[in-house]
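In structure tokens, one chain follows: the form predicted alone.
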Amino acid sequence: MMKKLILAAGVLAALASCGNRPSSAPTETPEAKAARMEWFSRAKLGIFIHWGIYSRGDWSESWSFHNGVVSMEDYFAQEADFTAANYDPAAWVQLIRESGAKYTVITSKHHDGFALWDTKAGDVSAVKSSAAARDVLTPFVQEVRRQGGLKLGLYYSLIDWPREDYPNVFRAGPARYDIDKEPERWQHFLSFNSAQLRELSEAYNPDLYWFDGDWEFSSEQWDAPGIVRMLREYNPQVVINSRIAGNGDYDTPELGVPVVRPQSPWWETCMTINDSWGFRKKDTDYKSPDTVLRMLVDCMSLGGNLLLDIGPRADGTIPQEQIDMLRELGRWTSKHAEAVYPSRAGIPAGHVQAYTTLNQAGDILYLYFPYAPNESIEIKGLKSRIKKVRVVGTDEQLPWKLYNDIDWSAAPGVCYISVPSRVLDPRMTVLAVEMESPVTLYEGAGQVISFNE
């Protein structure tokens, strides 16, 4: 059934009364922002969770009714199947921690307006309108805080297509109204958003807000700067993604690792574990652990994070394929922890046929091999002197040899590292090349000897 969700204007105004206050805080310095973003830059892996009434598994989250695949009435009929009957938030959090992730982001509310917490600002929620009849967000947050080791992120959609005070509904068809002609109606919706965000901040104090849906209106129309100011009144250290009309802290390319590093010093790629964000009964096209590991180290080599999505079922169970994936990620990240979390972007392509990162000091070059080397590994253009080469996750040191290190040439010699098959990881082998000084590179076209005076 169609949801008509307009609260009394006075109630929303009271809940959002401070939403547009100018901030008295001083402008953040680059150094202060770098310090605030430090945990995010070191996290490398996060786990995204899409869970809602769409988790029955027949249709996609929100987009299915927006695109006319299913009627809105049939879409919301799924509330009767959102039972959370086998939901175990402690097991969820334990699994996420086992994966090696350092943060998690859960959908507090998608574009359909269905809230996982006991929102007082609206009537569509797990508590008020689903078979679960209870708050399912709070137990998850409590487990994240109790178990430790994870930063908490909350996904929040600025869009709420079913609400009568939200202008746009379906991809095809006219909008309900023009916000320029009915500004009070639009402000009523903005007050609703502000009220819900205040509830989330007051109840959960998240470390990160993951916004979505900003494409439908401008920064000014959303009052995006005002939203950011409001959130930072609750938590000055909160990290906010870019999908709030350019007012966030980091970039969020979706469903594909960038070919070149994004301009922002901080970024993450959000990626599905199969082809869907939420659970879909017919979607068995799961990525292999090897594929996901390549995506992870590809992001790391460019200085970013991977936010890998899982989709629990409506009863709260997680498909076994997703459990297996996270556990295998955990095996690999645990073994290679030194080459994951403190790492930063690696060296340019062309120096070695591998993914690369550097440690924070810059004097260890990590090499990630998703293949078994046939003979030896070649590194060229490395001007820094090598102290030793070892296999990460073991005590094994490897032999290496430098050829053609000629004193008259600007181009350094070429290093070859022998890698026996017995040291290879089943998924991806990592080598640590330790240097006498921070890595410096030669990136020229080579040099010929000349006797011309």
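From 1 onward, residues are counted along the sequence shown. Not measured: the values here are computed from a predicted model.
Form predicted together with a small molecule: not shown, discussed below.
- Relative to the small molecule in the model of the complex, residues 44, 298 and 338 are all farther than 4.5 Å at every heavy atom.
- Residue in contact with the small molecule in the model of the complex (any heavy atom within 4.5 Å), chosen from 239, 270, 141, 93: 270.
- A heavy atom within 4.5 Å of the small molecule in the model of the complex is found for one listed residue only; from 163, 188, 97, 243, this is 243.
- A residue is said to contact a partner when one of its heavy atoms sits within 4.5 Å of a partner heavy atom; residue 48 meets this definition for the small molecule in the model of the complex.
- By the criterion of a heavy atom within 4.5 Å, residue 215 is counted among the residues contacting the small molecule in the model of the complex.
- With a 4.5 Å cutoff on heavy atoms, residue 63 counts as touching the small molecule in the model of the complex.
- Shown alone here, residue 250 lies farther than 4.5 Å from the small molecule in the model of the complex, counting heavy atoms only.
- Looking at 145-153, 358-366, 338-346, 204-212, the stretch with residues near the small molecule in the model of the complex, meaning non-hydrogen atoms within 4.5 angstroms, turns out to be 204-212.
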